[in-house]
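First, one chain by itself: the form predicted alone, in structure tokens.
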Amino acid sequence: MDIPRIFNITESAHRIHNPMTPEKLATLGAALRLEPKTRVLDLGSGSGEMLCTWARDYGIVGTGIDMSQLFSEQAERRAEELGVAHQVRFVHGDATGYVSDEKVNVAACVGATWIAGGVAGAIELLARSLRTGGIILIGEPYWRQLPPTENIAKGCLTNAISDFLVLPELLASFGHLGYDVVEMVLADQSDWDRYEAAKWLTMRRWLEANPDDELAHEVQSRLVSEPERHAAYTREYLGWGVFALMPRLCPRSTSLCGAA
């Protein structure tokens, strides 16, 4: 089981596989008021930077699931490097349908809601692992500005404008599913640059080392096209954020509301 090899190549030097910086991961952890022994589940955990740094900085314990063999191995090495291997564990596997044996305080799917068919499915899946009073984290793109044409949307590597919502609509959609938005940390254009541009040097170094590889032509093609595509499309139109959600409480009651 693994993700397509092209992603293992282009993001092999990434510690964070989405447009979040280490500083913003730390900001998110502080915003959530994480305490020692807080139990965290991360579906689609990538190279484990969120769990590992939160274990180091806030004393959390947790489990990450990711289908990339390379990223899972990198996560284990990162845990050893930061001295938190006794606090976090990483499982190489398919996070689709994964439910924790022990309920968690924070259940996250940051940039991988596709494992459950989208945002609504991911929230439903994460809720099955969540303790009462716990927090769900969803990392998801949104439109910074609505693309005027479908071709521009496709330039952002989406299928259609309808794939994403503008930010106010995305926030409202969580309420429609019966959740309050209790925190959020948003990427800016510089964060997108760090995520996308870091791939270009990785691709160039990989090509130098692997000129005869069967994927060399595809990697070279991406190296040529990606800087311009990113500047013209993703950087201008696509936003990204991590949203903290809690089940909505009914007015004048401590019981939980159902979905609206």
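Fair warning: this is a prediction, and the values are worked out from it, not measured in the lab. Don't overthink the numbering: it's just position in the shown sequence, from 1.
Separately, the form predicted in complex with a small molecule exists; it is not shown, and the next lines address it.
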So in the predicted bound form, does any heavy atom of T234 sit within 4.5 Å of the small molecule?
no
Partner contact for I6 in the predicted bound form: the small molecule, 4.5 angstroms, heavy atom
no
Applying a 4.5 Å heavy atom distance criterion, does N18 contact the small molecule in the predicted bound form?
yes
Does at least one non-hydrogen atom of Q145 fall within 4.5 angstroms of the small molecule in the predicted bound form?
no
Interface check vs the small molecule in the predicted bound form: of M203, I60, L28, I65, the one with a heavy atom inside 4.5 Å is I65
One residue of A75, V88, L137, A112 in contact with the small molecule, assessed in the predicted bound form (non-hydrogen atom, 4.5 angstroms)
A112
Within 4.5 Å of the small molecule in the predicted bound form, counting heavy atoms only, one of 43 to 51, 207 to 215, 29 to 37, 223 to 231 shows up; tell me which.
43 to 51
